[in-house]
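Let's start with one chain on its own, the form predicted alone, as structure tokens.
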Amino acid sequence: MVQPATLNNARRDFYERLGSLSMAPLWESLHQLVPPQPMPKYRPACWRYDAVRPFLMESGTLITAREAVRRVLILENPAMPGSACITPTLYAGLQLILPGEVAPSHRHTQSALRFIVEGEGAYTAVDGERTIMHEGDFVITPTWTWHDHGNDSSRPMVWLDGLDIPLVAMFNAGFAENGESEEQAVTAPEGTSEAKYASGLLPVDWKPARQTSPIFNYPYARTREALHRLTRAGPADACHGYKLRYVNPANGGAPIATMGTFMQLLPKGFASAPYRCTDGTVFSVVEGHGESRIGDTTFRWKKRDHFVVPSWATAVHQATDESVLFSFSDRPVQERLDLWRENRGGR
């Protein structure tokens, strides 16, 4: 029988010789590669808007939107320094555009969402159509579409940017191109997309050219009314309160193929049952006050704060007063790959 010390030396020698062929033994890393449950290497984090906003405004004195192309402060997960990611699959940042500024036209294969945090009256233009943005609006920029932003209002505008940058990078599928002019030519009247696609009707001969939604602005006024009506339709869900998902009217799927987006209302005094799911989720507080316990970490939050819940971390949300939360995650990708799971009520 081979002695343990001799066996260990033989294995070490074997591994060194194997490494010269750019190979490695699976049994040395199997439990890390195929864990019994998700073991995210990032952690819960919260960005309080009262602390963040002064830095946003200061950035406006240091660099113009034209010079920066996109003046954004990245929400980087503290467990992933230098990654420019909020989760391993998602990017998030807060973008500032000041009165009179234009963020120049470009396009890229990364899909983007905008969730308006502060201000109203600025616009986003997507493939020749502009939409005016208001607080709480959810706006999408589909993959490889020309887009620019401008602020014709008298106040600063701030919105949450969410992109699938890490996913696209994983596939090495990133392309980008700058526009020939700062602002693209407007070729469709404002409201064209809403008129064609947002009324439960579609043009009779229209066929979708891509998986993303033909609607690129989902106004908060309409979403808030839907949530209000939902509260009258029955009791709150134990884990989510009253929660709706944004949809692509052409196929019932997510407006963006790689990112799911949601809005939920937590009644005053509501405390959710424990909930966890495999999609790490980024939250933006639209209304109200409350707190969220994420694993062993508790964050108190209020309007315009942002926080992230990692994959498979148990979360409990409690609303001090009636609260509304916007969120986004990589759930559509996980669902398409039959990977998504949830655990309700700690079961």
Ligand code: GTQ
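Keep in mind that what you see is a predicted model, and the values were worked out from it rather than measured. The first residue of the sequence shown is number 1, and the count goes up from there.
The same protein has a further form, the form predicted in complex with 2,5-dihydroxybenzoic acid (GTQ), not shown here; the description that follows concerns it.
*Asks:* Are any of the heavy atoms in residue 72 no more than 4.5 Å from a heavy atom of 2,5-dihydroxybenzoic acid (GTQ) in the predicted bound form?
*Replies:* Yes, residue 72 sits close enough to 2,5-dihydroxybenzoic acid (GTQ) in the predicted bound form that at least one of its heavy atoms falls within 4.5 Å.
*Asks:* Using the partner position in the predicted bound form, report whether residue 272 sits within 4.5 Å of 2,5-dihydroxybenzoic acid (GTQ), counting heavy atoms only.
*Replies:* No - in the predicted bound form, heavy atoms of residue 272 and 2,5-dihydroxybenzoic acid (GTQ) never come within 4.5 Å of each other.
*Asks:* Is residue 135 one of the residues lying within 4.5 Å of 2,5-dihydroxybenzoic acid (GTQ) in the predicted bound form, judged by heavy atom distances?
*Replies:* It does not: once 2,5-dihydroxybenzoic acid (GTQ) is placed as it appears in the predicted bound form, residue 135 has no heavy atom within 4.5 Å of it.
*Asks:* Spell out, yes or no, whether the shortest heavy atom distance between residue 95 and 2,5-dihydroxybenzoic acid (GTQ) in the predicted bound form is within 4.5 Å.
*Replies:* Yes, contact at 4.5 Å.
*Asks:* By the heavy atom within 4.5 Å rule, which residue out of 161, 118, 101, 183 makes contact with 2,5-dihydroxybenzoic acid (GTQ) in the predicted bound form?
*Replies:* For this set of options, the contacting one is 161.
*Asks:* To verify the annotation, which of these, 196, 114, 245, 130, has a non-hydrogen atom within 4.5 Å of 2,5-dihydroxybenzoic acid (GTQ) in the predicted bound form?
*Replies:* Contact check passes for 114.
*Asks:* Pick from 216 to 224, 197 to 205, 144 to 152, 264 to 272: which stretch has non-hydrogen atoms within 4.5 Å of 2,5-dihydroxybenzoic acid (GTQ) in the predicted bound form?
*Replies:* After filtering at 4.5 Å, what remains is 144 to 152.
*Asks:* Under the 4.5 Å heavy atom criterion, name the residues of 91 to 128 that approach 2,5-dihydroxybenzoic acid (GTQ) in the predicted bound form, in sequence order.
*Replies:* Going through 91 to 128 in order - heavy atoms within 4.5 Å of 2,5-dihydroxybenzoic acid (GTQ) in the predicted bound form - the hits are 91, 95, 106, 108, 114.
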